[in-house]
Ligand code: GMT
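Consider the single chain below, provided in structure tokens and representing the form predicted alone.
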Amino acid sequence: MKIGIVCYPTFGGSGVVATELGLGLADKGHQVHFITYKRPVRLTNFHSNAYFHEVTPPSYPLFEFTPYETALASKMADVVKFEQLDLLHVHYAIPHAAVAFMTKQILLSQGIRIPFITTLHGTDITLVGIDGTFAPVVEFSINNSDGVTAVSQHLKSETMSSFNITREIDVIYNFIDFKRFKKTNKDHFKKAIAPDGEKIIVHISNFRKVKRVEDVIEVFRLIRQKMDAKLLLIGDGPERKFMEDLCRTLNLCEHIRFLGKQEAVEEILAVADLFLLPSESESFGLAALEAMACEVPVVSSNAGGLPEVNVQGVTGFLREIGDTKGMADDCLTILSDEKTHKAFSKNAFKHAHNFDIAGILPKYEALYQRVLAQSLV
């Protein structure tokens, strides 16, 4: 099968999932064509069945804002036509689903039928999508997709309640590739970060308000009142400067490291004792799943799709949004006793296998076959 994948090429969850999905499909013999404005961050090595098509919108003085969507539609139509793709799979509804619909109409006028599948990832529905500026287009695009998936039951429910959806939405969870994410011996790295055996806590996000990174720092402050610990903050974004200032105000700088964006997050998760994710909203919680695959227990907020990933009292703990005291208590429960920590680590690893890419890929392949069959009717 020849599949076109359209996504954002950044460190965000939707781009990561789209790229890993494409590479997984390529490994199974499908021909995968990534179409976006920059090489996806996880498309790093040569793959015989993976291709990259760069979208380069022209710049003219007339345009105050470069018309990326028009350039994307033209590139998608070109790739479909000349690479003879069977279907398009677009990730993140805005603007990719609307552009896919336009591409479909362009090609239909040339006698070419190309079905497209839209995968909803979260903020394209729960934050940006419900904005009145985008809502009518998002609703239209979902209803006119040939197939729609959501990455959690929670996101499906949010979509159905926020829009007038007239079609079925399949839930296909995000996944983990255990060839990459696994516990490895990084004792030398761990000693460099925590030379005196301090516990290592990790947080990964895009440092936006919805991630509540200030809660991560407050939880860490409370933990340090009871035990020695180090905090590693992975990622970057608009809140980073405020978080750096907060660390200085709390005199925690020597115990906290801002590592910025990291491609090989599995290298850091390999030395983590605990993963902390107090987000206000998470459609799924891919970063938490990656931690669990590396045998790292999770303490998170009880928000969005997180309860579908982090099982209360089994793989970690869930607390209400903003309950930093409760989160700190849960962290101490896990970290204070080696036997307890090992039990949570084992459970996290076991539960993560429910999201193994080997079990998720066939669900996408079955959906592709179903959509292709329906498009021929």
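Remember, it's a predicted structure, so these values are computed and weren't measured experimentally. When you see a residue number, it is the position in the sequence shown, counting from 1.
Only in words, not in the display: the form predicted in complex with the ligand, which the text now covers.
Though the partner is left out of this view, Leu286 does reach within 4.5 Å of the ligand in the predicted bound form, counting heavy atoms only. Contact check for Leu231: no non-hydrogen atom falls within 4.5 Å of the ligand in the predicted bound form. A residue is said to contact a partner when one of its heavy atoms sits within 4.5 Å of a partner heavy atom; Tyr92 meets this definition for the ligand in the predicted bound form.
In the predicted bound form, no heavy atom of His203 sits within 4.5 Å of the ligand. Exactly one of the stretches 204-212, 108-116, 261-269, 185-193 approaches the ligand in the predicted bound form with heavy atoms within 4.5 Å, and it is 204-212. Contact with the ligand in the predicted bound form, defined as a heavy atom within 4.5 Å, is made by none of Thr103, Val371 and Ser375. Contact annotation for 100-124: residues with any non-hydrogen atom within 4.5 angstroms of the ligand in the predicted bound form are His121, Gly122, Thr123, listed in sequence order.
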